[in-house]
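What follows is one chain in structure tokens, specifically the form predicted alone.
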């Protein structure tokens, strides 16, 4: 454990908020001028440390403290935000990481036993083009260039063109995988973005992994009909079938302690007050850390949709939007994180992460990974009311420093 100053990390977080937020919250959307300004600000903050800075071909920025061994501990997160976002999401991990690097450089007189690198991954949020984890997926070698090249923002600007304006060529994404050379472990600190730790009265948590995701578009087909002249008993109401499924997924998820299912979008056609719905387009998002549970929930939802479609005289079609397998974190590193949290605040609680994080992409590349969570007030994130008690932020930086020291020792052994 090094000598770190959590108050400095908090002061930096507040300074970044002043620079890149307005009355509606943080505005550090990736591939925008505000995001670029935040990165320049951060580079200046790191300038007084003996760090080597470089950007890879996917727009990820790295700050490296070379060690006696090339074996590398990476500390990572992201500076980008969603529009009208919170002051801590993503950037907490980067600013805490800078403070950890400062402590390590001081303790070892600029030459630690292993190399330590801080990563600011590009476009974790996917807020502008809908592609989350963009930079870390390139780093991990799981990029999807062909699909991503076609993405456009709400103004019709192509992702490829926006990246080029920021000096990044999408065709060079595969070269970013070279950054994994000598990478021995990865750690990330993040706000929980949920209510679990607050409900338990705990400041910190140990993350077991990120949940797998099954995301589908589901369309119910019925028959448009006049709302005044069509008897209830003969209606083929596509919305009625979709509504039954929206209620059923609560029971499907409720059978598993950490599972979640969400129908977050419903569009009806013709979409007028005087017509029975002939077509209803919905989306379903299902998540769990256990691949077997995730597969079972998908099967149950499909069966339920067929049953409800039949009950309402409709048919139903499914189309996969996106999926990712569950990503469990490294057992030994989960243990080290648990020790660091317990040593800091006496109690350690293990929990999965529902949101995805850059850590998941790094883990998919076979790198040992763990994350630490700090409590979110009200479980709120991705909006301006996102907050964490400052005393909990101080505990988080201290515990994260303990974790970094433990992992460095583990790498050295």
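Residue numbers count along the first chain shown, from 1. None of the values given here were measured: they were computed from a predicted structure.
Beyond what is shown, the protein has a form predicted in complex with a further copy of the same chain; the following relates to that form.
Indicate whether the candidate residues 195, 243 and 250 are all in contact with a further copy of the same chain in the model of the complex, with contact defined as any heavy atom within 4.5 Å.
Every residue of the candidate spot has a heavy atom within 4.5 Å of a further copy of the same chain in the model of the complex.
Considering non-hydrogen atoms and a 4.5 Å limit, does a further copy of the same chain approach residue 276 in the model of the complex?
Close contact exists here: in the model of the complex, residue 276 approaches a further copy of the same chain to within 4.5 Å, heavy atoms only.
Within a 4.5 Å heavy atom cut-off, is residue 343 in contact with a further copy of the same chain in the model of the complex?
Contact with a further copy of the same chain, no.
Is residue 144 a contact residue for a further copy of the same chain in the model of the complex, using a 4.5 Å heavy atom cut-off?
Output for residue 144 is no: heavy atoms all beyond 4.5 Å of a further copy of the same chain.
Is residue 215 one of the residues lying within 4.5 Å of a further copy of the same chain in the model of the complex, judged by heavy atom distances?
Although a further copy of the same chain is absent here, residue 215 would touch it in the model of the complex, with heavy atoms inside 4.5 Å.
Which of 169, 285, 339, 153 has a heavy atom within 4.5 Å of a further copy of the same chain in the model of the complex?
Contact residue from the list: 285.
To verify the annotation, which of these, 234, 165, 178, 291, has a non-hydrogen atom within 4.5 Å of a further copy of the same chain in the model of the complex?
Among 234, 165, 178, 291, a heavy atom within 4.5 Å of a further copy of the same chain in the model of the complex occurs only for 234.
So which stretch, 169-177, 103-111, 75-83, 186-194, is the one near a further copy of the same chain in the model of the complex (non-hydrogen atoms, 4.5 Å)?
Of the stretches listed, the one contacting the partner is 186-194.
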